[in-house]
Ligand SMILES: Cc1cc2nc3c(=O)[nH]c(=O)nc-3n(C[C@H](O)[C@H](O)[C@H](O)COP(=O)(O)OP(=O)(O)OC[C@H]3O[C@@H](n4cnc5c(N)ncnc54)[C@H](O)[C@@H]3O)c2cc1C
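Only one chain is shown below, in structure tokens, and it's the form predicted alone.
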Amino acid sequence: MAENLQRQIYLLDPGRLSQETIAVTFAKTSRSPLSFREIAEGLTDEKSAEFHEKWVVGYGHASVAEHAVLHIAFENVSRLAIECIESNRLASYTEKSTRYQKWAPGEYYVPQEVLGEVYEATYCQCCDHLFQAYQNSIEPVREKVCERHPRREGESDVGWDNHIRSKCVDACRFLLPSAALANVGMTVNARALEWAICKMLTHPLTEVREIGLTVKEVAQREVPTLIKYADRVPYLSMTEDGLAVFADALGAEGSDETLRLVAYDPDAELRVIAAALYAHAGCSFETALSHVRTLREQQRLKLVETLLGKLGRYDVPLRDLEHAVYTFDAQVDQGAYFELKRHRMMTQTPQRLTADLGYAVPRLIAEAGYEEAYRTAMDAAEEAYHTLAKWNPHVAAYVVPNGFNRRVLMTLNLREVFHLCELRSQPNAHFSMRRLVLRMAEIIREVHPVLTAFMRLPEGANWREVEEEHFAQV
């Protein structure tokens, strides 16, 4: 083998090459016989910008921009704004967690919209009340947690404090409003970032639009060409406004049903099995599906055992499971939704955050003797929300605490079901999420028991027991 044909695998150094140059280097390999190093050596930032202007902007070869990757730090942005920041599927996020950190008094965002308005006092008084109630709840809840979970022999001060704190703030966090400030780190390619900026610049909240402008300014220092045309998208705002008018005719309704499977394919198990065979056969999918239909139950079980029976603890199921798709209408507390939204491989359509669907009461809050103060704070937040919503429903969402319920429509495939339910059903997951995913797994097992029998859920875990143990009210 010629020396120049030896296998080589290496990184292009982002410390030496700009992200735009790296993107051009990868793009040019489709038509150049040169190595990536040689291509990069012949490029300058100016030549890279010219390439992107012609091919990415001019001819729409936007996939080239996916090779430029940025790491963006957001600090002291509201949790409500984070919903827009994290609404992009092709990006990665890590955020300040309400499960492991405590919020200090005053750590909330005051939107530009209320400054100087008659509603400013209502807004700030509500947030101050919620934050004070949050602070006041921590000690009685901590005492109850310590009573239930005494220090283990040999456990360090730090270890015991971490163990107790997470259980404590898991309940207290229900009081924190969406105005609470947080930090989030985002890793995203330039193509996805351009659309993310467009969404932020079109958002109804001033805070989010300001974040969008700042993100564009900061990102252009690294990718000056690839996102320079990111701008407000009238289509988004006009469509949202138009749909809202039509939706007014539907009115509003409450529901005691917190999770319902609204759509699925009854033959999905057969289709998954047929797809798995199809990959190794030479026939059409229709032939494979017809063959699976003729198999006896025992033969199908043997095929499913072959497909899923060898899964190790950390193995990911084959993509054949993606041919089974489910749609759920869910009602969860806002704290749970904030964790659910991170599962971006599913399609989520959330309703706007309101105070119209009631709120959950953690059992730990009640058993710590803090339920009356908790309800007083939540009821005051509900009243403040409705006062603000008559003026601006988007701004009113800032004062809605984590404990209030919210609806979201979720469409996900069975492979994502495995990931979501296995991860969020573990004992260390938040009880709101455990309750949701264990119920989801139970519902899917009722319609597709063969494939879901291989989900690696904690033995004996039951959503009803989670609800009984952790909720005084849902």
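Just so we're clear, the structure is a prediction, and the values are computed from it rather than from any experiment. Residue numbers here begin at 1 and follow the sequence given.
Quick note: we don't show the form predicted together with the ligand, though the next part is all about it.
Taking non-hydrogen atoms only, Leu34 never approaches the ligand to within 4.5 angstroms in the predicted complex.
Using a 4.5 angstroms limit between non-hydrogen atoms, Met238 is distant from the ligand in the predicted complex. Under a 4.5 angstroms non-hydrogen atom cutoff, the ligand in the predicted complex has Ser97 among its neighbouring residues.
In the predicted complex, the ligand sits within 4.5 Å of a heavy atom of Ser92.
Only one of Ala247, Val262, Met345, Leu213 comes within 4.5 Å of the ligand in the predicted complex through a heavy atom, and that residue is Met345. When you look in the predicted complex, the only residue of Arg407, His419, His61, Arg445 with a non-hydrogen atom within 4.5 Å of the ligand is His419. Note that among 66-74, 35-43, 424-432, 49-57, the stretch whose heavy atoms approach the ligand to within 4.5 Å in the predicted complex is 424-432.
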